[in-house]
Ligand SMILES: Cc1cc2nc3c(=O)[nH]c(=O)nc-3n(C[C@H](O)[C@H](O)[C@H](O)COP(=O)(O)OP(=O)(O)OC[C@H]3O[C@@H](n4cnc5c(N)ncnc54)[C@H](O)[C@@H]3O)c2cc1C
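Take a look at this single chain in structure tokens; it is the form predicted alone.
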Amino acid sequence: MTPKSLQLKVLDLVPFGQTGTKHYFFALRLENPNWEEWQPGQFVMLRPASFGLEIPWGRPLGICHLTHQHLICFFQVLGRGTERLAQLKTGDYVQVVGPLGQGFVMEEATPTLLLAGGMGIVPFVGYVNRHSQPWNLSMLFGHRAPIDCYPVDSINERITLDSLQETVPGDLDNLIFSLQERIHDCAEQHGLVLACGPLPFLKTVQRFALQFQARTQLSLENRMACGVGACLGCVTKTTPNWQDQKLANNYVQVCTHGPVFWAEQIIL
């Protein structure tokens, strides 16, 4: 589907969780863009008028979920752009370009393990809700902030979500062990592994996926500017296994060739 640029109205902005006295996690609900189709794992470039000339580029946000009523994006406040997004009010308009990139494969009859690290949980909300056989899905979620900061409820309604919060150094070892065990078990079932999260998390998943020969897709969280492959600011290097030999052992744009890649086809 060709991406569209639309002005969408803000329906509401809902804070999630609370750290100290200030919210840092938000679900942004926009009116339905009426796309013909989309895939969980794709993203949008979002730019409110408040960015002005001070912030020239939009911000890439993963598509959390899309229904007949609304488009939901979920974000964490980390810098100037997301601080401005957190100030949006009902009735404001936002420029939205999307859907962008390549999403996750969906094989309803295949046992599928979902692995999320922190904000990597976002695309799996839509994935779980669109999956026609949720009994074939399982999920492991590693996170640092309290679990109520994340959109876990809409996932828990359909599948069992196992979570591990990292609060002390030993918790990271437990997460790595759990990733190893779950990926191994999924490979034994000839299943599918889908992962999204920060780079160290994805490197660990990729290492176990290659070790156990588990069919695995990784969604990268590279920094992006244009979102449409023009600026070459979000590239990643491919391996000899890349599907197009002309681009094997070369660099490709994450925003157009990804953000979802097969684990054996990229170097992290």
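Quick note: we count residues from 1 along the sequence shown, nothing fancier. Note that the structure is a prediction, hence the values are computed from the model and not measured.
This next part talks about the form predicted in complex with the named molecule, which is not shown.
Only one of 66, 30, 209, 220 comes within 4.5 Å of the named molecule in the predicted bound form through a heavy atom, and that residue is 220.
Only one of the listed residues (180, 95, 82, 129) places a non-hydrogen atom within 4.5 angstroms of the named molecule in the predicted bound form, and that residue is 82.
Of the candidate stretches 180 to 188, 146 to 154, 130 to 138, 117 to 125, only 117 to 125 has residues with heavy atoms within 4.5 Å of the named molecule in the predicted bound form. When the named molecule is considered in the predicted bound form, residue 61 lines it closely, a heavy atom lying within 4.5 Å. In the predicted bound form, the named molecule sits beyond 4.5 Å of every heavy atom of residue 104. Contact annotation for residue 76: at least one heavy atom lies within 4.5 Å of the named molecule in the predicted bound form.
At a distance threshold of 4.5 angstroms between non-hydrogen atoms, residue 43 is in contact with the named molecule in the predicted bound form.
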